[in-house]
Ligand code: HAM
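This document starts with one chain, in the form predicted alone, laid out as structure tokens.
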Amino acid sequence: MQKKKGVVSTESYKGVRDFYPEDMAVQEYLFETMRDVVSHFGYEEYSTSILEPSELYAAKTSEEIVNEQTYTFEDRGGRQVTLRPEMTPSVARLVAARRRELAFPLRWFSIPNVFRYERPQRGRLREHWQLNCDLFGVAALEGDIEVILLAYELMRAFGATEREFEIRINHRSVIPETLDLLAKKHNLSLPEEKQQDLLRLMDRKDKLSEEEYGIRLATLLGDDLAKVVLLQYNAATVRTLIAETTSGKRLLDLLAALEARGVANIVHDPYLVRGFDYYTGIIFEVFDTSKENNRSLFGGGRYDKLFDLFGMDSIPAVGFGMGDVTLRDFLETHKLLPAYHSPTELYIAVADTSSHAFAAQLAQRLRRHDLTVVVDLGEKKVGDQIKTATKKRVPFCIVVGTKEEQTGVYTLKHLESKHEIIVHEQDIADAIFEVLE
């Protein structure tokens, strides 16, 4: 059917979401749980604009994101502007701007919406919200430990057990350092100037066919070294070499420390890269272990050198971003989403329109007892008003008419159980809270 001229579609922009009240209730649950956990770790909330100068991302964010996935445009002043695809460069900009005034270490968090132009699919949309937690000013291993423990506690706060997720950990330098050792055993070498490109290629390994990956590897490293990478770089080999490298020793210390602190679901993943070029040390990702949703949920790592972008000395930094889309998919998969509860606790049905004014005054008095109250303002029959309250999943209802106005006595009905009690006005709030609590 052809759309009439001038009629606007009700469809939202592709890859974004509308949040109806029940959806918003879930979103608020996610945000409230996030804020509760991170605030108990001492993290403070900040915010920035969704618009950033495009140059902020050009140097340190992955080429794929900058060139293919950002919403970038020229404003009316001729400036290149980008809707933020992530938050880490923005928070680094904030810290750099007031470095001399801030008291380190800093523990900061935010829950911004971020934008990427990519093909919408399960777990990936063009706009999502993301909890970002960052620790600035701690170079020691304790910083990495705290951030990973924070990610672990967030998952537990949402009801996840250690069997339902695992934390995969690597060090950004493990791949080039262990490959360099392998190359030397074959009288070859891994050129330092090619290490970053190799990491980018390995990060895309799962998106390429085996043949194409081999061709790109050979083009980058040459046939001999590419063959070593393809045939000998594997989990077993890395395990034998890792203790010989600087990055490997730090990684092993981290794994031992986390295990000692009771985190049993940690795994060393020697292929883990993470796509952002600014990572310099430990990196990690949280994975769903279920067959129905076996994928990365979120991750992060250390990015000590991102502040080079602003022409200043490095500031030790480690953090992660936890997206709401993958988190919600995880909670749905494991049946961990809470049931919806109406924010309204009492629905006042009106016997006739002449009682509207009294019902509104009653509602106002009850709200002063911290009760959430809605008055039906329509002209439907009482039975239909009660059906409306039931459909909205409001737990309690009273009917107000001439009799109730004169006596101050009401029939309080619990809609789910159909149980009724007779109460005076001063007892309504207590009677409802007794059941709800």
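As the structure is a prediction and not an experimental result, all values here were calculated from the model. Start at 1 with the first residue shown and count on from there.
What follows is about the form predicted together with the ligand, which we do not show.
Of the heavy atoms in residue 128, some are within 4.5 Å of the ligand in the predicted bound form.
Although the partner is absent here, residue 134 lies within 4.5 Å of the ligand in the predicted bound form, judged by heavy atoms. The closest heavy atom approach of residue 109 to the ligand in the predicted bound form falls outside 4.5 Å. Taking non-hydrogen atoms only, residue 177 never approaches the ligand to within 4.5 angstroms in the predicted bound form. For a residue to qualify, one of its non-hydrogen atoms must sit within 4.5 Å of the ligand in the predicted bound form; none of 281, 282 and 307 qualifies. Residues of just one listed stretch (264-272, 178-186, 98-106, 321-329) have heavy atoms within 4.5 Å of the ligand in the predicted bound form: 321-329. Of the candidates 170, 88, 355, 245, 88 is the one whose heavy atoms come within 4.5 Å of the ligand in the predicted bound form; the others do not. Checking 297, 366, 199, 138 for any heavy atom within 4.5 Å of the ligand in the predicted bound form turns up a single hit: 297. Contacts with the ligand in the predicted bound form, taken as any heavy atom within 4.5 Å, map within 107-127 to 116, 118, 123, 124, 125.
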